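The chain that follows stands alone, in the form predicted on its own, written as structure tokens.
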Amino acid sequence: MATVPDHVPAELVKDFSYFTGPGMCPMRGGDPQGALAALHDGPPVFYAPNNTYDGYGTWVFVRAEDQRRVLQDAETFSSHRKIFEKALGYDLPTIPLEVDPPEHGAYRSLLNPLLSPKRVMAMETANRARAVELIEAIKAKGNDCEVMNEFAFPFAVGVFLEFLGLPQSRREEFLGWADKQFHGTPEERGEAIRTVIAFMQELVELRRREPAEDFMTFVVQAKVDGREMTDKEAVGMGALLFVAGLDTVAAAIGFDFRYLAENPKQQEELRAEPKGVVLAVEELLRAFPTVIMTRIASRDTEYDGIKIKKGDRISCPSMVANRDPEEFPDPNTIDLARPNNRHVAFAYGPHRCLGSHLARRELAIAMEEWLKRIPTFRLKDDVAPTTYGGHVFGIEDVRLAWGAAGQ
């Protein structure tokens, strides 16, 4: 076990890790979100000495109410985690995620219109056509597929390219970068991060010289507090889009489709009543969120008598808050028509996910078009997908089958 800081009481130390704890290691047929729900049987706040991929300890806040208090207090619990610093050798804040209030508000106001419900609906036709194209290509090949590589990631990357104003012909290139950054070795991750940042730098320079009707042109022409943004700020915005918009959406599609493959009755109910997809997406976001929110204490503080020192890491796992029995009746039961679903898949507070409207529509479009075009599907040859924990939970090898050979 790693070193425990002197201010952490021994009774609050728990040998736990998002990477190696029960249910967190890669395994066939795993349920990492369900495994974390067991934390509600323990203390509401504890310290895990080795709970990051690079060996840091974190405080873990279990209850939804406690997570709300932490995530809404950006003055005490900073979102500036310097997530790219190790790979780049310098700090490049992803904007607006790693900029705290009050500066955060100016960036957030600037980007809000680009990701508003109205703007997302304007993208609906193109995004739906992209989903249909991918699904029809899968159908044309036969009656089975591996849904992550053949649909989830290509769809998410296609939406990203559309949003950034880049041609779809670059999809394979971006898929390769995303695969290495999110699923590669530490060396591959560092290389992919540097590649993405270099690409964003080139794109910023290009759009300053040659404006177009796209996201980066908007960014480099926009003003924050009456001034133009620097190249570093523009690159930080582009980098956040890449980090936040690809792996999380693709993983959510994988978990959703795995659930439906294992629950044909719910499949058929959604086929019979497609309007139910919107509520179903919300419940599956509650049951299978993918993101661990992490904050850094910006000053010494106390939380209900617990001493937290400046620099301590604080972890708010959305999947645990979403299984809080104080928030959700029968939290471990998946009810695709669950009412009043105030889940925390997109976080709380000032850093609540700016792209939540777009993510929701991506998930709904994916499910609607898949159910419309693919008959009753199941896991191929009963091979369970591989799941894993981490800072972003994931699922791989989601093999689906349908039709005569699949039933």
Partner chain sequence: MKIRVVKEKCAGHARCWAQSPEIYDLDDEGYILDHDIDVPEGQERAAWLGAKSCPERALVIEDYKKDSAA
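Residue numbers count along the first chain shown, from 1. These figures come from a predicted structure and were not determined experimentally.
Beyond the structure shown, there is the form predicted together with the partner chain, which is absent from this document and is the topic of what follows.
Colleague: What stretch, of 166-174, 263-271, 207-215, 115-123, brings heavy atoms to within 4.5 Å of the partner chain in the model of the complex?
Modeller: That would be 115-123.
Colleague: Using the partner position in the model of the complex, report whether R28 sits within 4.5 Å of the partner chain, counting heavy atoms only.
Modeller: Answer no; every heavy atom of R28 is more than 4.5 Å from the partner chain in the model of the complex.
Colleague: Given that the partner chain is not shown alongside this chain, does T333 nevertheless sit within 4.5 Å of it in the model of the complex, heavy atom to heavy atom?
Modeller: Contact with the partner chain, no.
Colleague: For T185, is any heavy atom within 4.5 Å of the partner chain in the model of the complex, or not?
Modeller: Answer no; every heavy atom of T185 is more than 4.5 Å from the partner chain in the model of the complex.
Colleague: Indicate whether R108 is a 4.5 Å heavy atom neighbour of the partner chain in the model of the complex.
Modeller: Yes, R108 lies within 4.5 Å of the partner chain in the model of the complex.
Colleague: Between D144, E150, E282, D247, only one gets a heavy atom within 4.5 angstroms of the partner chain in the model of the complex; which residue is that?
Modeller: The residue in contact is E282.
Colleague: Can you work out which of A48, A37, A364, A347 has a heavy atom no more than 4.5 Å from the partner chain in the model of the complex?
Modeller: That would be A347.
Colleague: Since the partner is left out here, which residues of 316-344 would have a heavy atom within 4.5 Å of the partner chain in the model of the complex?
Modeller: Result: E327, N340, R342, H343, V344.
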